[in-house]
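Laid out below as structure tokens are two forms of one and the same protein chain, each shown alone and named structure 1 and structure 2.
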Structure 1
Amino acid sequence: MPAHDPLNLHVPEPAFRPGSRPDFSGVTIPKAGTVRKPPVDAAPEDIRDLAYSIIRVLNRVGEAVGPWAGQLSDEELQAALKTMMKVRAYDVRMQMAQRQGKTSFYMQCTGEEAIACAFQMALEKGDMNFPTYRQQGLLIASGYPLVDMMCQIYSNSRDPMKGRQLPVMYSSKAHGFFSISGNLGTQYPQAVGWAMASAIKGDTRVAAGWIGDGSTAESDFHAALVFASTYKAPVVLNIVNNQWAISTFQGIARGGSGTFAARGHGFGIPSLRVDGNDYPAVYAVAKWAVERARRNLGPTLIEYVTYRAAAHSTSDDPSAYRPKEESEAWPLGDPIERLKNHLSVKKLWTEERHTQAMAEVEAEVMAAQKEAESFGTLHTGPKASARDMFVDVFKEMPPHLKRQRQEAGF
């Protein structure tokens, strides 16, 4: 029997932990404008390189360059900046409300605003997102009322979810936002099924699945890809790679795969990787993928490279597992700053205009908050009804639940 060296277990570790100085200078970031734009009916085997690069539009000085640039009007770009600012202002207020004890929990999307905000603009009415808990930008960009969002956060008497769900688990069929479950990855195959239904019925709607880097490890992610691949479902499968799954760095879910986008290759799904902090790039890639879906060309997988600048949630303290400076050192910058810079370069924005826009979004968010709080917060004022707890378990309340509700005194 030949002698062998002992095996040892490989456990990946992130490059930087608290106490070390984050240095991303060794990370290859392709120059903006250098990644080609294939036709939407390109064969997946001809565009495999796009899963290993990063599609970028905004360059270092704020110009929009390359084949993916030029898809948005000046007015759309200005509105986009304001939408992202509104999302951030909303997050700041709701985070603060949680700290003030007005609700139990909150999750910010700081640094990831461009992804949801730009993607939403590529959809049409009737399309459906199956979001994770960090896509509040989809709702805000679709014009969903901030007051309704806040009432959900407060679980108050006007909460559209009647106080049942954890804060941020919104739902709005009218705004193409599927009810968030809170379990990870479960809704990725559902997005594929929704898209298959549109094809079965001969409709023209498309679906979008959303998942984080960490949750791509779930079996449901792979189930979604095999169904999407087999039935060429009209779905866009989005992976938001924000580098951190609570304390676990993306390498634990990615394993030996070069990128998350490359996961699509084994399924023959066209797979693209895009700078998630670059609003025009996100929009252009989303448009491309949505058009593919709409033209019955099948699914597209998109990996958005971004960074979770804030904590996972109000229950998390990232200083225990990553350097505090890592967010600042992150090489793709801040999506709001970058779009603002672009608009300034185009002479469409000034510091004065920015200050004014900031004041406007803050006033809008604060007015909405005041109104939402008039309907109660989690611990004070009018509440979601306890009687409602027994409603919607079934369409018709069965006798045993009626008895329990009576026993409960509601």
Structure 2
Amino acid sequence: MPAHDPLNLHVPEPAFRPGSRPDFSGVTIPKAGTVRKPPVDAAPEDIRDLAYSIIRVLNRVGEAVGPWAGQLSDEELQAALKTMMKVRAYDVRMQMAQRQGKTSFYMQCTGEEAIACAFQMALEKGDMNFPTYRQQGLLIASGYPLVDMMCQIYSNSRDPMKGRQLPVMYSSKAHGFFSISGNLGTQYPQAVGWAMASAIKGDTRVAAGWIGDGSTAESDFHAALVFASTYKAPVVLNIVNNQWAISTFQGIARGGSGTFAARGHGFGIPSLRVDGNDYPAVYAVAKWAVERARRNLGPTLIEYVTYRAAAHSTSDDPSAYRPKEESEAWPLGDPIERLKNHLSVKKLWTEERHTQAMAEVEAEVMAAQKEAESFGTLHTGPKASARDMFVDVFKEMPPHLKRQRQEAGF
């Protein structure tokens, strides 16, 4: 028998660890406006290159350029900036509330606001999102009341979920926001199944599935792509690549694939990558994919390249696994600042107006928080009744649950 060297495994490592100096100069970022825009009915094999590039609209000086630009009015852009500001202000207040012991848990989406806010604007009423726990922007952009969101976080007497869901795991059928699952991968096959049901019924509504870079390594991700591609389901499959899956860098889940978007190629699904911190670019790509689904042209896979600026959650300390300076070094910048600069270039925004808008947003969020806390918080005030655990489980309550409810005194 010939002699062989011992086998060994390759374990991917992040480029930077705590104490090292982050340097993203080697990251290939195409100039804004240089990535082509194909027709909405393009064949997947004709747009394979879009899974390896990054679609961008806003250039370094704040101008909107290229074929994906020009799809939003001045009024829509100004409203978009205020919506993102509201999402961030909401995050700040709820993060603070958790530190004050008013809730047990919170998750911010700092640096990712453009993705959810812009995508929501590309949908129509009746469409359904199957989100992760970092898409609060979908609800806020759709006009869902901040008070209701906060009551869910506080698990108080007005909690729409009646204390059954972890904080930040919202649900609203009326606003096209399917119940959040802590196991993110499950949202993908459910989104595809919902979209298939819509098509079977001859409806016009489409679905959007959401997943993080880490959860693409789960089997649910691949199962969803099989069904979406086989039956050409009217669904948009979103991958938010914010570089970190809790404390695991994105290279672990990506494996040997060049990009997450490229994974769609094996299933014959058109796949694109977009600058997730570029609001006009996100909107344009989302609009393209949603139209494709609405025209019965099948699924689209979108990878949003962004960065999770905050901790994974209030239970996480990112300084243990990445440099503190990494967020500031991220080359695609801050989505709020970039849209603000764009509006300034168009002479539609000033520092004075930004200060005023920020004051208005913060006042709105603080007023909502005051109202929500009047219904109780985690440790003070009234809470949802324990009797609610017995209802909304079955259409008709079975005898054994009736007995348990009686034994519990309800």
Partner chain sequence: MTMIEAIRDAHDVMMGRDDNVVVFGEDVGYFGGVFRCTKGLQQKYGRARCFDAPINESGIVGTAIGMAAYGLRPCVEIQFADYMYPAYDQMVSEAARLRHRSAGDFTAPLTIRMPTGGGIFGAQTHSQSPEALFTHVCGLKTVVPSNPYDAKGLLISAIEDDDPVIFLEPKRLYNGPFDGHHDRPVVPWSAHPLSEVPEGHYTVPLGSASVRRTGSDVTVLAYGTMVYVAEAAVSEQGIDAEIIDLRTLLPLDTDTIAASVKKTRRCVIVHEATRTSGFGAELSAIVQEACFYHLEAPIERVTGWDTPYPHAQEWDYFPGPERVGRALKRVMEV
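Residue 1 is the first residue of structure 1, and the numbers go on in sequence order from there. This is a predicted model, so every value here is computed, not measured. Under this definition, the rigid core comprises the largest set of C-alpha atoms superposing within 1.5 Å between the forms.
- Comparing the two isolated chains, structure 1 is the one taken from the form predicted together with its partner chain; structure 2 is not.
- Once the cores line up, the CA of residue 392 ends up 2 angstroms or more apart between structures 1 and 2.
- The Cα shift for residue 21 between structures 1 and 2, taken after rigid core superposition, is smaller than 2 angstroms.
- Core-aligned CA deviation for residue 10 between structures 1 and 2: less than 2 Å.
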